[in-house]
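Single chain ahead, by itself, as structure tokens, in the form predicted on its own.
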């Protein structure tokens, strides 16, 4: 099983939870940015509140990079995103890059919380993440596309 520790394919998995679809729009724009820069990378996009957690973990296992996003709620993150992060910690993945993203209305802690949890899970966090206020407008979505391009 030693081979499995650092296993990765040319794949990036993007996992998010959203309240009012702002974080979903960010995830889609980040995906567009990645795909515009690297046509060969396989990008998997999951709303973790609606998809089977085991399927998501399987795709994270196969990925070289994972992006996790959540809206900020009550100075924290949404429960489905928190659950996936907890599962990721337990899997003890190695040799995987990661970053955080999220939308917020007032305080905006989600990106910081996710970044810290990714570090605790031993992911190589590549940047400080990206956060956008409320439901991102076209300017904000362009920043998300640029964020995705810069990950490649």
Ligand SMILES: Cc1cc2nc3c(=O)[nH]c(=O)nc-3n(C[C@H](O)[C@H](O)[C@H](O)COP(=O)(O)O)c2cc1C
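Numbering follows the first chain given and starts at 1. Everything numeric in this text was worked out from a predicted model, so none of it was measured.
Omitted here: the form predicted in complex with the ligand. The next part is about that form.
- With the partner omitted here, the stretch from 42-50, 58-66, 114-122, 98-106 that lies within 4.5 Å of the ligand by heavy atoms in the predicted complex is 98-106.
- Taking non-hydrogen atoms only, residue 11 never approaches the ligand to within 4.5 angstroms in the predicted complex.
- The closest heavy atom approach of residue 73 to the ligand in the predicted complex falls within 4.5 Å.
- A residue is said to contact a partner when one of its heavy atoms sits within 4.5 Å of a partner heavy atom; residue 129 fails this definition for the ligand in the predicted complex, lying far away.
- Residues 134, 135 are the members of 118-148 with a non-hydrogen atom no more than 4.5 angstroms from the ligand in the predicted complex.
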